[in-house]
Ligand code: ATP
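Okay, so here's just one chain, in structure tokens, the form predicted on its own.
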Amino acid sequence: MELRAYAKINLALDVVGRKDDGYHELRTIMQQIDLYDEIKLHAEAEIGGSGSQGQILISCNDSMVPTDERNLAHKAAKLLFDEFEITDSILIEIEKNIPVSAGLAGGSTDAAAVLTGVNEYFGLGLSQEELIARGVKIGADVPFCVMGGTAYAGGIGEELIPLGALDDYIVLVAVPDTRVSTKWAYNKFDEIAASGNVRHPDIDQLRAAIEMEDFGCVPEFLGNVLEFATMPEYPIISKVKSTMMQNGAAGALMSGSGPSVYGLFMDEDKAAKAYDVLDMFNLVPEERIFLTAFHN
């Protein structure tokens, strides 16, 4: 079985509280894009002549991705294998195209694809809602990645409301060659928020614009409170964002906790020019720049 695991961007991201268990409560609007990992599932009674049943094996073309139980795709398969007492073994081949630790939900979307794939492959009969309920046990972004498209999310990301499809923009994604710890970003945000120096995005206005198909207003309401934490420490993010805006983006924003930045363009030539500028001035390695679109 072959699957596509699509990346996500945050059109808006607000942090509205922190729960007793340490998770942050969010309000966010997420959007899948046509940048995806390719996943193949191979199931047999046993794999590699080991004689062992119920094995979950991971292979990946990116050495930065763990291939043991730390991998979210492994966690997804194991969750269903344990619940449904699956005794076949499975090999999960992951071809990474989504950069690792980029704020694009690369690990979460792989897990979502595996949940969906294992459910279909073994005929488990779980509905999308049932897969979403299991996905939140793996990671906060997994439920959205199961649903896909465009959605509002609350809670830690598991309270989902699907929104209308967006299709008017060219999306330029650039991922600076640096890594940002999600835990660090949220902790840093907590420090900044305590001082009151945070401007919160108008998520309700953005949601209303999408629901009314007033897509021209979308760039006006882009916002991510985690930029207040991440940008001062990683100035390359600000540089990439401003470069996109200076070269014709209708709007630009950091996704998640970074370091990825995306720009929304109405004009394909302007998007291509911004791509060239980012590459020409070595702001972002060419292999980490993607011209893509919304996936609905």
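Values in this document were obtained by computation on a predicted structure and should not be read as measured data. Numbering starts at 1 and follows the sequence shown.
There is also a form predicted together with adenosine-5'-triphosphate; it is not shown, and the following applies to it.
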TODO: Spot the stretch among 120-128, 149-157, 104-112, 210-218 with residues whose non-hydrogen atoms come within 4.5 Å of adenosine-5'-triphosphate in the predicted bound form.
DONE: 104-112
Task: Interface membership of T182, adenosine-5'-triphosphate in the predicted bound form, 4.5 Å heavy atom rule - done: yes
- [ ] Examine V100 and determine whether its closest non-hydrogen atom to adenosine-5'-triphosphate in the predicted bound form is within 4.5 angstroms.
- [x] yes
TODO: Report whether the minimum heavy atom distance between R70 and adenosine-5'-triphosphate in the predicted bound form is within 4.5 Å.
DONE: yes
Open item on the list: Given that adenosine-5'-triphosphate is not shown alongside this chain, does I94 nevertheless sit within 4.5 Å of it in the predicted bound form, heavy atom to heavy atom?
Closed with: yes
Open item on the list: Using a 4.5 Å heavy atom cut-off, which residue among V65, A43, I236, I56 comes into contact with adenosine-5'-triphosphate in the predicted bound form?
Closed with: V65
Task: Residues within stretch 132-149 having a non-hydrogen atom within 4.5 Å of adenosine-5'-triphosphate in the predicted bound form - done: D141
